[in-house]
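Heads up, the chain shows up twice below as structure tokens, two forms, tagged structure 1 and structure 2.
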Structure 1
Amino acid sequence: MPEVLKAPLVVEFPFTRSLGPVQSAFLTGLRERVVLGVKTGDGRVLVPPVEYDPVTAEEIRDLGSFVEVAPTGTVTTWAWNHAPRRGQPLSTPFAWVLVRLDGADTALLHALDAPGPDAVHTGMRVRIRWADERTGAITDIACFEPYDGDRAEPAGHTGEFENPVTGIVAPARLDYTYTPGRAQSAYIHALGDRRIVGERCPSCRKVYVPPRGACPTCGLATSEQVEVGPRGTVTTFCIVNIKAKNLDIEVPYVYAHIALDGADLALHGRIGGIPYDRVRMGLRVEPVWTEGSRHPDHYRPTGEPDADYETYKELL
């Protein structure tokens, strides 16, 4: 029985967003060692600030609504944490804490540097430890630390700054262990032998490549393997003009849907061996394998006459 495959899979991308006036003032303030909240219509001070009152849904955008609060505060609740904290200088373990800063009516979530869980309790006094280098992000607060001094008095900043932070880039990352399952494991094993296999539906008799283990039309399980290709027909394509990070391919290049001979579902692949502006629907292509690769590097023209439109129109 073929080996069931599994491999690590990382989905990672930078998420870029604009801030708006409220979050811009808050993050710019952190860069300048100033903590700002906003005052609602009934006098509550919300930290972190929000654009809308969570009780009344009233919009809060007036610059006069900003209120500077103290860098000192009180722990309202906490949880001890044993896991590593990615990308942060704080050692493990540490505590997650909700801190109501002096002058605020809501609590801010952040990390507390403490020697152990016995040193943390609800009601303990803490203060902000600022990061040495600050860019206008929540990580400008390196963490909170225990504090037994007097309450710090804020200077009363209005929320106006030079060179305000107007946007942030937040990296998003998901780590998986991916198992392709029976059908796709067989497909990948076949690619290792430079063969392309699909599976046929027992009802509609369509052959799907790559196989999914079930027919998406009939909903029936598939098990009959069918070798297809290796040649095929370009059914549609796009010209890529933006160079992808960590992809050593010069732009422009063409990515296409390719209906392999004997398949009823087009797969996608890069087209090479031909100028990008000469790629066309109906172009006959074949896979090009590189040494050690488990899948075709790209597809190139076979030199055959173009396929007739009637032969692939149902795959468009």
Structure 2
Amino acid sequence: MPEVLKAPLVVEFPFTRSLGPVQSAFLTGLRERVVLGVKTGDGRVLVPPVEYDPVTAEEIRDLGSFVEVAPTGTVTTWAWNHAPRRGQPLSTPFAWVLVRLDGADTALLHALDAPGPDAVHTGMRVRIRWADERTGAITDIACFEPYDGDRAEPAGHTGEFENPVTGIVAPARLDYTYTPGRAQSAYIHALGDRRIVGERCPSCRKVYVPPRGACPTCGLATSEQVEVGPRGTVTTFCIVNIKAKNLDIEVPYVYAHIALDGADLALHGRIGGIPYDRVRMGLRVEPVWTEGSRHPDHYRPTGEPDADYETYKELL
């Protein structure tokens, strides 16, 4: 068995999220160093505030229900994180904490900056350490820190602010090690030798290119390797008129389904070496490999007569 192919795969995206009236007031408040909760119908104060009562599902969006709470509070539970991970609030060892701020009935999750686990306990008093630069996000609270002073008295803010934040951008990044699996690894290994190798279903005998390891019709593992092409037939195509970002190909160009000789499934590729408006169904093509490329750059006409429709109609 050839070596397992591996490659880094980064999935990264900035989520732009709009805020409802409650989240907007809370996060704007953090920007202004004010912590707001909401009061539920039965008088509990929820911090962080939500738009619906988690017990009764009653809607909470009346501005009159905002209640300012103190930036000081009590740890309700904690966990010592000796090895901070990317994106977490502190890069030095810290405690995760749930903190019930003074005036609130529920607890907020954040980090506590403390010298070590022996300095942390449930019931300890803490206060918010504000971030120097605040934008209206949960990270405007840099972390909590131990606090042995008096309970701070909130000023009774109403929840109305100038220039309230209406959205957040939350970047997310996840790192993977991609492995293509047995069948696709074999396909990629063969491409390295400029060969296109599919796999045959042991039951229906169809040859799949590229192979994915299973015959989707029969639900069986494909394993018999079959070299196909290199020549093939354009079964259908489209003309691309919009330039893709980061793609150095002049438009318009033709993107086609190509049934390689011996394959029972068309793959797709770009057609070059012929004006876009002369590409047609049945056109015979062959792959063009460029130096250092791991797959055909495009396909070009072979000059053979067009294939008869009957020979590829099942592959459309």
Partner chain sequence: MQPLRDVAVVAFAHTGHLRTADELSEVEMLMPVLHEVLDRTGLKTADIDFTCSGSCDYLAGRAFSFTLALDGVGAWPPISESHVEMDGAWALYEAWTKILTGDADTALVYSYGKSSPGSVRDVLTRQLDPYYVAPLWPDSVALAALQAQALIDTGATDEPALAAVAARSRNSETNTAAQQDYVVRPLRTGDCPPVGDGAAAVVLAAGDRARDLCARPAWIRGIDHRIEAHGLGVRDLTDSPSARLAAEKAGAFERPVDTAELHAPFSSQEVVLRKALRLDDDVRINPSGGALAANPVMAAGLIRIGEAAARIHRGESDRALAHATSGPCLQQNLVAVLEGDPR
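For numbering, take structure 1's sequence and count from 1. What you see is a predicted model, and the numbers here were worked out from it, not measured in a lab. The term rigid core refers to the most C-alpha atoms you can superpose between the two forms while keeping them within 1.5 Å.
- Assignment of forms: the chain in structure 1 is the form predicted alone, the chain in structure 2 is not.
- For residue 275, the Cα coordinates differ by 2 angstroms or more between structures 1 and 2 after the core has been superposed.
- Taking 2 Å as the criterion, residue 165 does not count as shifted between structures 1 and 2: its C-alpha moves by less than this amount when the rigid core is aligned.
- Comparing the forms between structures 1 and 2, the C-alpha position of residue 287 differs by 2 angstroms or more, with the core used for superposition.
- The shift recorded for the CA atom of residue 194 between structures 1 and 2 is 3.1 Å, with superposition on the rigid core.
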